[in-house]
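Alright, two takes on the same chain below, each alone as structure tokens: structure 1 and structure 2.
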Structure 1
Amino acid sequence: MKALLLAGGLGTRLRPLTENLPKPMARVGNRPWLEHLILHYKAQGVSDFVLAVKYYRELIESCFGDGSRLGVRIEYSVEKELLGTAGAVKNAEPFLDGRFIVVNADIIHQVDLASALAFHERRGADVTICLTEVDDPSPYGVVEQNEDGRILRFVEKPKKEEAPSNRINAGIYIMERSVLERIPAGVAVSIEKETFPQWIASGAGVYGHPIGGYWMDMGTKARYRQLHWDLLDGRFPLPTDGEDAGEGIWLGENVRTGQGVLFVPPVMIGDDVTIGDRAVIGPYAVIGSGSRIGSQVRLSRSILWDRCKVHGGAQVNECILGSGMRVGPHILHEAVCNRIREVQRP
């Protein structure tokens, strides 16, 4: 069975971080999320992947190649024009056979795949939509089901008190290949807004299965930060690189610290990082590999990607810095930066 990972979207809500980067390649815990995702499904027995790509496809292809680095097999379905989620699935039809999994690659999640597959088989479903439960479903399309799990309809953005449930589409689907015949070729189609409602109305076997576990749409900067705080707090049990130094501190290889450096947990430091004298790092700090942090820097509640440089005396708080950013010896607060390489704040 293959997993089709939809990785061709723009990621506009995370700009400027994703200005020149596919959204699934955004770093989570100092590694591209797409790599975490492939390894998560590999651990559950999936060894064949199809990556649906379009924007900045070369970055994904150069990172993963044929998949051998991760011990899997990867093929690429390339969209010449943006086709929407259903169109991307249809475009990948030549790579798919039998039953397959479709995953929105920019959704942060952990799924018990065996449980979802068992449900799919018991129901004899054409499609099983994995569902997640949220406290407030009003910003989402909410699922109404019968007692057997068949989806009766989606209610789009209802008032909280009027929602038929607190279950929403988690962006993970188990499909039989026969359903591909129902998707038009070569046109942009949304699987969430068009395809699924049409199939449900026609009486197709569309079921929903709650997955439990961690789920997060990292589509906004606030959610992207919260994802990392959840990771550091252990609410998102993602395997991470580096040595657990205890008390909420994770250190990569070849981390060099000057005199009087203070780590205020939780903190995650990548490989080959240098931190100058009397710097205070944390709480809630993630520093990417190859970064250089100067003396007397104060860095908290911030996420730095690889190869960042923070000059001595700088104060960095509530910031997300893309790869290769440089911060002068000033105060940087509540910033999200990627395109501008030099940041100077008075």
Structure 2
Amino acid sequence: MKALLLAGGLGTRLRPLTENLPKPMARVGNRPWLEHLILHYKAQGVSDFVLAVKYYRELIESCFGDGSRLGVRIEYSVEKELLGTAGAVKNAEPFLDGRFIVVNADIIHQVDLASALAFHERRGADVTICLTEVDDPSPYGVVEQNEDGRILRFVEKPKKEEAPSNRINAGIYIMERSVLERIPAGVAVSIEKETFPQWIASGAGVYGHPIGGYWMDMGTKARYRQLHWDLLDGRFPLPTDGEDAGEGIWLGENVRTGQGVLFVPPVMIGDDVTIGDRAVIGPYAVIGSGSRIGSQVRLSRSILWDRCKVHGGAQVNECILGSGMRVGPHILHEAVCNRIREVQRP
């Protein structure tokens, strides 16, 4: 069975981090999220992937190629123009057969695929939408179900007071290829705003299956930050490369620290990182591989991607810095930066 990963969107709400990067390539635990995602589905027995790509697709293709580095097979379904979430699935039709899985590639989750498939099978569903529960369903697709799990209503991003429940579309679907006949080809179609409501109205077997475990859509800066704090707090058990030095400190290979460096957990440091004398790192700090942190830097509640350079004496708090960012000897608070080389005082 193949998994189709939707990875073509613009990632607008995560800008500037996604100004030159597809959102699912944003780093989580020092690796592109898409890599974690593929490995998670591989661990569940999926070995064939189709990536539906468009925006900065060359970055995805050059990172994953044919998938052999990760021990899977990857094909690419490329949109000439963005076709929306259903249009992207329709566009991938030639790559799909029988039953397949669709996943929004920007959701941080772990799913028990076997139990979702068993549910799909038991119900004889055309489509099973995996569901999760949240306090505020308004930024998501919200469902109303009957006792059997059949979805009676699907409303995308309703007003909070109009949401039919707290059960939302987790962005993971199991589908039968036959349903693709009902999606028009070559035009932009939203699976959430058009396709699901149409299928439900026409009596297709659309069911909802609640999944447990951690779930987070990384699509806003607040949620992207939160998922890292959750990762560091152990609420999301992501396999990481770094060695667990104990008590909430993860160190990659070849981390060189000067004299009197203080780690205040939780802290996650990638490979080949240098940290200067008397720097104070943490709490809640992620430092990407190849980064250089100067002496007496204070870095807390911040996420740095790979190859960042922070000048001695700088104070960095509540920041997210993209790959290769440089920070001068400044106080930087609540900045989200990418691309530009030198961050000035805000």
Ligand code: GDD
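Rigid core here is just the name for the largest C-alpha set that superposes within 1.5 Å across the two forms. Every residue number counts along structure 1's sequence, beginning with 1. A quick note: this is a predicted structure, and the numbers were derived from the prediction, not measured.
- The form predicted together with the named molecule corresponds to structure 2; structure 1 is the other form.
- Fitting the two forms on the rigid core leaves the C-alpha of Asp136 displaced by at least 2 angstroms between structures 1 and 2.
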